[in-house]
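This document starts with one chain, in the form predicted on its own, laid out as structure tokens.
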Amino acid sequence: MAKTIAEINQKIREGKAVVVTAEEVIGLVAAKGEEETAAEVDVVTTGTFGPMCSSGAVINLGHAKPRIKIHSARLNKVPVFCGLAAVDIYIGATECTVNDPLNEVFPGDFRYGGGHVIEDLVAGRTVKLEADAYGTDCYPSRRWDREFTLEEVPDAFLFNPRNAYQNYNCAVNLSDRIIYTYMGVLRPKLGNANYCSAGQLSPLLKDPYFRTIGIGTRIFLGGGIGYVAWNGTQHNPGVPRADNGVPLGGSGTLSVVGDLKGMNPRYLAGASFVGYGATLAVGIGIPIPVLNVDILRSAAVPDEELFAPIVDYSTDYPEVTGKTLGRVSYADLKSGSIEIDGKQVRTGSLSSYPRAVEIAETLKKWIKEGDFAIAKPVNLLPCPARDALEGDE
């Protein structure tokens, strides 16, 4: 029953493609079985929305008069990287405003950073540039102050080195004090447990072997259209896997790129974590073409069969010991509490499942209306487990 991406795209053009979300396909498989569902469904859409610290934007500011070769600059007091060219800059999501006391903990403190600047730009707000230079014969200006909106700059694109982690930790704290982390505030003595994944909607959990996701894959990114540019930093698909092929811990990642001018602040939002700093919440949705039963089977794995490692962030995470307190299903995490060492522990999600549903539904709508075709990857991402399976075949 094998299909090709070309055949699926032809059905999309004709308005005949059957598209369902990764949530919906679970029920279809339960009702009809894998073979019938794989024959019927052409595309499964996924979605996730949560903080993704390794994110940022490249902005070309256009030339000043007289011209300037920017040496250092700030956007809304947030330092940006200027070592690209005369007026190309890169703003990182976790960079905070100058003089921000990052090493101190102020409960309730709000930190404005690069993620907020990116949201402000996408929302159409005015951003203030303060730029300095040392001056050259061809770029004589030494100072440039201006205010601008996203539409006023020639080019701006989101370029995120590491997004959409394929599974991640459930974070807890066994120590006697509160700790402040990128996984949120963790209360002492197993006071809470935080996780960050859409589970059964999360893109890389639904294609665990990277059979359809690779360089050039077209995706939903921040409310607009983006692409997978490369594997992300810290891409590590060689971690142990469950029998269903899903990694049992942090594994694959994506580097993604897309036009910032086509994005939406609903799906690209600055965030601030107490005691940690700023970040950017990113919405990503990836279509999975159902080329065969194996791909369908992976796309239909429910929360009950997806497991995250429980990690003590007071000791095991900073030292990266590899120790865990066991594993927990996303179904249990989403229930509101889990049991650890005989204790009921409240759970909280840093990602938004309702927003992930929105993303998967939006992508489904785009495809069904013929506005979004499936892009065949020009190269698959590294995945030793996939290569081993294909070698067996």
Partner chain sequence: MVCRKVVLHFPRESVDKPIVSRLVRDFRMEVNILKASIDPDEAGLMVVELTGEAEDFEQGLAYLETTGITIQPLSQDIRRNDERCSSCGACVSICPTEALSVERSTMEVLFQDDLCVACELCVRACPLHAMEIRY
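A quick note: this is a predicted structure, and the numbers were derived from the prediction, not measured. Positions refer to the first chain, counted from 1.
Quick note: we don't show the form predicted together with the partner chain, though the next part is all about it.
Undergrad: Tell me, out of 272, 233, 292, 149, which residue has a non-hydrogen atom within 4.5 angstroms of the partner chain in the predicted bound form.
TA: None of the others qualify; the residue that does is 272.
Undergrad: Within 4.5 Å of the partner chain in the predicted bound form, heavy atoms considered, which of 211, 162, 187, 74?
TA: Comparing distances to the partner chain in the predicted bound form, the residue within 4.5 Å is 187.
Undergrad: Just to confirm the contact call: exactly one of 346 to 354, 37 to 45, 364 to 372, 57 to 65 touches the partner chain in the predicted bound form at a 4.5 Å heavy atom cutoff, so which is it?
TA: Selected stretch: 346 to 354.
Undergrad: Hey, in the predicted bound form, does residue 327 get a heavy atom within 4.5 angstroms of the partner chain?
TA: Heavy-atom contact with the partner chain at 4.5 Å: absent for residue 327.
Undergrad: Residue 220: heavy atom within 4.5 Å of the partner chain in the predicted bound form?
TA: Contact check for residue 220: no, nothing within 4.5 Å of the partner chain in the predicted bound form.
Undergrad: Can you check whether residue 334 is within 4.5 Å of the partner chain in the predicted bound form, heavy atom basis?
TA: Yes, contact at 4.5 Å.
Undergrad: Answer yes if any heavy atom of residue 307 is within 4.5 Å of a heavy atom of the partner chain in the predicted bound form; otherwise answer no.
TA: Output for residue 307 is no: heavy atoms all beyond 4.5 Å of the partner chain.
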